[in-house]
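For this one, two forms of the same chain are given in structure tokens, first as structure 1 and then as structure 2.
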Structure 1
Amino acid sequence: MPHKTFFAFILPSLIAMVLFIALPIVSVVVQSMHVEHGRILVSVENCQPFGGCTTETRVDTAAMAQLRAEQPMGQFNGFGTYLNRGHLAVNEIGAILANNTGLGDIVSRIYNLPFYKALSFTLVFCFVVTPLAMGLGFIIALGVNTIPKMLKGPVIFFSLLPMIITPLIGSLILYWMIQPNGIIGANLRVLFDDPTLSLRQSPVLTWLSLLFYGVWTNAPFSFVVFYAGLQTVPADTLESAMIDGASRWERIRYVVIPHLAPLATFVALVQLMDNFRVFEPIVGFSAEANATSLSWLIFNDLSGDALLFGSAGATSVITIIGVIILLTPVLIRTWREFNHKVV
């Protein structure tokens, strides 16, 4: 294809990518480097239905309007927001490293900082849920592939259900089920003979519930991709393996898995990216006390009485960088395979 034709062909996509991906990212980066103007405060008298009048502080709106008109973005803060306690907490970590009573103390004090607390759960969720969901999806795909044709339709439909449900609704359903009077919660109490057992109470059980939810909701995607892949496994190779006396396990190990490896890379790529943005189950499970994620931090900055756009911007940029770091090994692998094939 001539370069000109190729360029004309991808131009609409390029424009869309600049408009909807590049520009918003630039805007977020710029936003993250700014903070609000210093507020000019005045004391005024404030009268309310109960309690009469008190002197309270107010923002001098006229003076602020002038400041904003001069510099609409606010004050330039550079990387200040990135380094403060809400994000990388450079000073706090320095203080912890300089003065501590041992490794346990360092870990628990760093974990107490909001960003590192959120990052810990985000990474654990990524690296536990992704392989388990892929494994479970692969097993379901193998199972569905062997059942009679008549049953396949309904089984596939039911296997895909967790993916079809909106994540927030899905997490709420599971959350209701694990309540002490829900079907799972009540049965667990009987099973462990412990009337005070509560999945929502302890941090460990909350994490386990969230991870379980993650695997449950992610497995269908792996399943459907692997199932499609299974249809392309060359039948003659399988047959010759059978003639050579390979068991079912050996056929899977030496024929199916190598054949599906490129697909697995693709699934891992998508799911790592997805899981790094974990958010809905934390809200659905009301798990904020025990588990937060980077996305939840952004949500927290952008809701409530006080909106912190700079802080949300900084967390967003850090999330983008995190996704890039996570994907780099997979991308390098794909690139090498691609080059290998070309040569």
Structure 2
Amino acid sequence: MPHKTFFAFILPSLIAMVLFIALPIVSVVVQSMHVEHGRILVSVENCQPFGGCTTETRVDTAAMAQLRAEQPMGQFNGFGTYLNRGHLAVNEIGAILANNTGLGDIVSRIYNLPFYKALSFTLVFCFVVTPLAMGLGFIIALGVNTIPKMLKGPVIFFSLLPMIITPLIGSLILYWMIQPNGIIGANLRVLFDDPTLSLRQSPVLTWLSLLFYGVWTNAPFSFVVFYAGLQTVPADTLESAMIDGASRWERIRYVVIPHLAPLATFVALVQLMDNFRVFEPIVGFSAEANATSLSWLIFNDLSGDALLFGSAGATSVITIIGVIILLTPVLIRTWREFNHKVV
């Protein structure tokens, strides 16, 4: 294909990528280097006919409006937002490392910093939910692949329900179920003979509930992809393995799993990206006291009266960098496998 024709073919895609991917990322990076304007204060003298005069300090609203009109993005702060206590907390980390009572004290004090608390839960959610959801989805796919055809339709429908409902609604449903008067919460109280047991009041149980929710909602996607992949497993290879006396587990281990390996890489990439942006279950469970995430920090900066655009932008950029770091090993391995096949 001539270069001119090829360029004309991909030009619409390049324009769309610049408009919808590159420009928003650049705007977030620029915004992350700005902070809100400081308040301009003026002293006003109030004099009463018989009470003398008093001086009152007020915000100069006219000057503030003019300043915001002249500099709508706020004042330039460079990388100051990235290094402050709400993000990387460089000064606080240095103080902790210089003055501590041991490794446990270091970990505890760093965990109490808001960014590292959110990062900890985000990483745990990624590296626990992703493999468990993939394993559960694969097991369900194997089971559905062996049941009679007349049962496959209803089983597949019910297996996909957690993925069909919206994440926020799904988290609210599970949240209601683990409440003290919910079906799970009430039965746990009876099971452990503890009428005061509450999942919300325990950080460990809150994390376990969120991880369970993550596996519950991510497993259907893995199931769909692996079930579709199972339909492409060569039947003659499976029959040859059966003739050679291979057990069911051996056929799965040496035939099915190698055949589905590229699909597993694809599922891992998608779910790692999705789980790194975990947000809805934290809001649905009202779990902010025990678990937060990087996406929740962005939401918190952009809600309420004080709209901290610079802080939200810095957290967004760090999230993008985190996703890139997380996916790099998988992408490198995929690229090497592709080159090996080409050679």
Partner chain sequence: MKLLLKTTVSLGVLCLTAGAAFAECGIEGTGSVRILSNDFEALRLVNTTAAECAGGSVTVTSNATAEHKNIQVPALTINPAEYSVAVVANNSIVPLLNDDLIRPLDDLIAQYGQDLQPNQLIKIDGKTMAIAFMGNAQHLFYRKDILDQAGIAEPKTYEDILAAAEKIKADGLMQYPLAASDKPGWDLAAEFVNTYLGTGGEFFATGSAELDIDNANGLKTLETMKALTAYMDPDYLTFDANGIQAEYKAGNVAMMVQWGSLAGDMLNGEGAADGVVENTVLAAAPTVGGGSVPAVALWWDGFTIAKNISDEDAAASFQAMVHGISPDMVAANPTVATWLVAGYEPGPAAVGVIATANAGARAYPMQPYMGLLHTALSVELAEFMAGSESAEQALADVKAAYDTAAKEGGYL
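Given the structure is predicted, the values throughout are model-derived calculations rather than measurements. Numbering for residues begins at 1 and runs along the sequence of structure 1. In this text, the rigid core denotes the largest set of C-alpha atoms whose superposition between the two forms falls within 1.5 Å.
The form predicted alone appears here as structure 2; structure 1 is the other form of the chain.
The Cα position of T57 differs by 2 Å or more between structure 1 and structure 2 after fitting on the rigid core. Once both forms are overlaid on the rigid core, the distance between the two CA positions of V30 between structure 1 and structure 2 is under 2 angstroms. For A289, the Cα coordinates differ by under 2 angstroms between structure 1 and structure 2 after the core has been superposed.
Taking the core as reference, the Cα of S43 moves 5.0 angstrom between structure 1 and structure 2.
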